[in-house]
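Below you'll find only one chain, the form predicted alone, shown as structure tokens.
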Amino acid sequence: MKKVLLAAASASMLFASAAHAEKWDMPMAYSATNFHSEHGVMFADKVREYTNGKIDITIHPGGSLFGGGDIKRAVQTGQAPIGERIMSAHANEDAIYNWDNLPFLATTYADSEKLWQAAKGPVNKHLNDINLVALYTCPWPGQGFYFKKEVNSAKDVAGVKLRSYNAATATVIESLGGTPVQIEAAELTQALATGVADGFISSGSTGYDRKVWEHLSHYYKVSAWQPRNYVMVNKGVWDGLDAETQAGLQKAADEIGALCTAKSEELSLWYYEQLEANGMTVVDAGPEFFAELEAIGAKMQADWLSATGEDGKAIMDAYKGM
């Protein structure tokens, strides 16, 4: 009943907007210069083209319209018809959304794409249940560790306050003996400057965007997983669109998803170069540290399968069968 009421409320608020081609506001959590946000602008352009101007999307990057943690709820409830968020941020609500944050399961772009194809059906089923439709996803480069000191093993992480952005990063930090601190990307620079956090897990992209060399000294390449952002649309709005408009939106989404993924891969090594150029030490994680992370990853995969039941098993079986 709660889901039905949620869908009805959002539909009544936004059906007219979709039907009469009113402008759509699209909140995004990351800075305007981040490649995810840049591709959001490209998506909006293609949507205008492929819907013959029926839908005009305005991008609001950097959490300027809704903070990162509020974007999903805003789209669910009809405060915005469309938005972008890192999918694994919802994993505390439903473990299925952690499909792309299982350490060392899919560590390359090719494997990340295979994993998304395996996960797409079950994930969309869960999203539909909460009044959302996923239009496209785009991966971040592989995740590594930022510190203000040399780190060779978990002993060096004990007690360190590290920014986490989802349940998976919090689990890894806690397993290493660190203290996870939930911080949105837009707030990261201030958190590092004020000592709220002394490091974090992320890709080279976040470090470059936030100029973390002003506060941190070391980046350890691990490429443990490639989390994905996704563009979601309110299901009530989506269902209210005519078939031609839906097709135009999906065509734009499919093209931008592929372009954004290719851009992410292109930039992945470039970000390391920029961190080094700005004085950071950028190296592979040492053997002891890496072995500890692999053990954590194996346990996280097993725990995820236990938590997600048949849907998780279906994703894993499909992925491993590709």
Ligand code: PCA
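Model, not experiment: these values are computed from the prediction. Start at 1 with the first residue shown and count on from there.
Keep in mind that the form predicted together with ligand PCA is missing from the display, and what follows is about it.
*Asks:* Do residue 206 and ligand PCA share at least one heavy atom pair within 4.5 Å in the predicted complex?
*Replies:* It does: once ligand PCA is placed as it appears in the predicted complex, residue 206 has a heavy atom within 4.5 Å of it.
*Asks:* Quick one: does residue 81 come within 4.5 Å of ligand PCA in the predicted complex, counting heavy atoms only?
*Replies:* No, residue 81 sits far enough from ligand PCA in the predicted complex that none of its heavy atoms falls within 4.5 Å.
*Asks:* Consider residue 87 of the chain shown here, and say whether it contacts ligand PCA in the predicted complex, taking contact as heavy atoms within 4.5 Å.
*Replies:* No.
*Asks:* Can you check whether residue 185 is within 4.5 Å of ligand PCA in the predicted complex, heavy atom basis?
*Replies:* Yes, residue 185 lies within 4.5 Å of ligand PCA in the predicted complex.
*Asks:* Are all three of 50, 136 and 248 close to ligand PCA in the predicted complex, meaning a heavy atom of each within 4.5 Å?
*Replies:* Result no, not one residue of the spot touches ligand PCA.
*Asks:* Using heavy atoms only and a 4.5 Å cut-off, determine which of 165, 230, 116, 97 is in contact with ligand PCA in the predicted complex.
*Replies:* Filtering the options by heavy-atom distance leaves 165.
*Asks:* Among 138-146, 122-130, 234-242, 106-114, which stretch sits within 4.5 Å of ligand PCA in the predicted complex, heavy atoms only?
*Replies:* Single hit among the candidates: 138-146.
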